[in-house]
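To begin, one chain is listed below as structure tokens, in the form predicted alone.
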Amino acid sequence: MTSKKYILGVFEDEDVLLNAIEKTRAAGTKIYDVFSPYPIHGIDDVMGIERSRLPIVAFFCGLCGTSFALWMQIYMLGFDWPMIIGGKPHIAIPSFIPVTFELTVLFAAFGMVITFFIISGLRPTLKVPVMDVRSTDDKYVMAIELKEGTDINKLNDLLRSNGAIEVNEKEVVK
């Protein structure tokens, strides 16, 4: 098991937090993550988080679903067990649309969920590390990972000067 140390700045107001994120990044400090009780509009831009590529994965998974649905129906109704239903040809593309749509949506949804879990590293665990319990209720927490040679006093002063009501140090075992 590995353990990492973090310094946590606790804030009371989201506007103060957004301002603190800008100033902390401008000072050259890398922010590990920010925890809040609800989504904050614009925090992704302030933290410099890039736009997700998950829609690209959804498109390709949906394309696989469409291809599989058409191949499956054409093979089953055209070659494997050809039946004349209502005088229609064996390969009647308009009648394949509902199944094709459903499998496109199914493949895209499952592909996005599986990709999201793999990329974000989410997996079932017995104990989830929580940086500060108050971040689920009414406080905002900025976590900065402490690496070798990091001046804790400088980080403490930086966070307090940017509006943190308290600064804590926490060790998380993963």
Partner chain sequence: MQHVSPIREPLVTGGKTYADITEDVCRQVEAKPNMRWMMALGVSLIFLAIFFYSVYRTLWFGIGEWGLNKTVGWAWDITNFVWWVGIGHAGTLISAILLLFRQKWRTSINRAAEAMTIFAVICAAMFPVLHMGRPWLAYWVLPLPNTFGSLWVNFNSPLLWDVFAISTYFSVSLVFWYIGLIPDFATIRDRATGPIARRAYALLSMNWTGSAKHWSRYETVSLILAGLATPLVLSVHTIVSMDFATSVIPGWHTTIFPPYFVAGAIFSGFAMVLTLMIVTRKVFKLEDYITLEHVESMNKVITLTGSIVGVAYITEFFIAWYSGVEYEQYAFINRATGPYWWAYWSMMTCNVITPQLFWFRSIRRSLTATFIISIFVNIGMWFERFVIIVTSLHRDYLPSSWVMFSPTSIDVGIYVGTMGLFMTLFLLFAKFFPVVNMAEVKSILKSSSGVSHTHNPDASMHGTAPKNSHKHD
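Numbering follows the first chain given and starts at 1. Here the structure is a predicted model, which means the values were calculated and not measured.
There is another form of the same protein, the form predicted together with the partner chain; it is not shown, and what comes next is about it.
The closest heavy atom approach of residue 135 to the partner chain in the predicted complex falls within 4.5 Å.
A residue is said to contact a partner when one of its heavy atoms sits within 4.5 Å of a partner heavy atom; residue 16 meets this definition for the partner chain in the predicted complex.
In the predicted complex, the partner chain lies within 4.5 Å of some heavy atom of residue 110. Residue contact check for residue 64: none of its heavy atoms lie within 4.5 Å of the partner chain in the predicted complex. Residues 33, 34, 35, 36, 37, 38, 39, 41, 42, 43, 44, 45, 46, 47, 49, 52, 54, 55 of 29-56 are found to place at least one heavy atom within 4.5 Å of the partner chain in the predicted complex.
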